[in-house]
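Read the single chain below, which is given as structure tokens and is the form predicted alone.
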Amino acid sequence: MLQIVENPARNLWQTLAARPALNLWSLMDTVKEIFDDVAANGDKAVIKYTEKYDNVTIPNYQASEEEINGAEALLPEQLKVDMLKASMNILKFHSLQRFETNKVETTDGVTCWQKALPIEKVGLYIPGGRAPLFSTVMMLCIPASVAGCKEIILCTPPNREGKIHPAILFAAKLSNVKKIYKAGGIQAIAAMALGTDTVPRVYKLFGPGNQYVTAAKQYASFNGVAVDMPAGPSEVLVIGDETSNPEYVAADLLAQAEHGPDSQSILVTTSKMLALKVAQAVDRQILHLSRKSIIDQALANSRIVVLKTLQQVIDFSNLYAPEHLIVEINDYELLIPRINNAASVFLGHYTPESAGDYASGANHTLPTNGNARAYSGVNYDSFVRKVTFQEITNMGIKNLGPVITTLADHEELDAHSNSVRIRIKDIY
């Protein structure tokens, strides 16, 4: 049964909000070794590590046009129909995030504005292993396409036959992504970060992964390649009270737990009765789930916290800063203004976290491990840079020039002030 903690003192909250330990620094020697090998030997190194870690040798590891186009025929019709529906929702949501350029005249003759320009080359990582995460392909490829990224690179581990799951290929094709590579793990991140004869070098890396991928992305960021966000094992925090449906809450906790053994599911509630009913429902529902062994391990990292007031529940949630926050109570509207730290919020009895994972339109690539305090999830803005423009007329430099020279002189940067004075002298 899930551990239930009743009315813990505030000085214990930080401990209760702790995630499973993840020591990326212990992996850095391995990451550096593989990065150095890929830097020196390019594709040969990528192929070598794919053989070592994925137990398959693929001399030409770029997915062919025939493989991409042929994937559609391998999928059930209903899956394709529903993937298309989900992709349209994702497209609608992210298209509305496009940045509008507005010019402002800050002083007479001085105009400033910003323009959103796409990151030209982006690398998307799609994990393999436990499940073919074609939903993550849609979550990354679609906003990259909306932003207008010129070169979208996708890497994903091959299976034992050296193939990519057809749903991943079909999802990429929906966004017209054609550069797809059968490479996973550290070697895939290194290939995209450094470039090889086969894989183009990218400017920013996106996508979830295990601790090795996370460490590799962090290492890449030390070497001039941007990354989407700090990431780690997936997590959910559910807010509940006496109006919550315990079966719904239990199902949401279990859905999160099946992501992996290091995932975490937390229920915070004011109701001891709900806590007991949810714990019992978890024990019943888990018996019918195919990934029970994984869920059992994740539940060992999970807990139910019972607090005295709804304000304490909100305070705990903001301290935890969850990747996914489910507010499964009747009066959820009253809590919205008090939610400060969360990556993606699911409101009411009929909004499971699975909706955001697949088809509501919101993005499921989100910051974990408390990073929602400072980071957003992947969105349109993740794939663009905002470039600032400024234009000053001769009237503008006359109006603003004295301000610039005064500030520059007091910072003792006379070359700065001279660059203004020399212009004003010509005008007069």
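None of the values given here were measured: they were computed from a predicted structure. Residue indices: 1-based, along the sequence shown.
Keep in mind that the form predicted in complex with a further copy of the same chain is missing from the display, and what follows is about it.
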| query | finding |
| --- | --- |
| Partner-facing stretch of 349-357, 189-197, 172-180, 155-163, counted where any non-hydrogen atom is within 4.5 angstroms of a further copy of the same chain in the predicted complex | 349-357 |
| R385: touches a further copy of the same chain in the predicted complex, heavy atom cutoff 4.5 angstroms | yes |
| 4.5 Å heavy atom contact, D381 to a further copy of the same chain in the predicted complex | yes |
| Touches a further copy of the same chain in the predicted complex: E258 (any heavy atom, 4.5 Å) | yes |
| Contact test in the predicted complex: F93 vs a further copy of the same chain, heavy atoms, 4.5 Å | yes |
| Position in contact with a further copy of the same chain when the complex is considered in the predicted complex, options T243, S271, N341, Q311, heavy atoms within 4.5 Å | N341 |
| Within 394-421, the residues that have a heavy atom no more than 4.5 Å from a further copy of the same chain in the predicted complex | N394, I397, L400, P402, V403, I404, T406, L407, A408, H410, E411, E412, L413, D414, A415, H416, N418, S419, V420 |
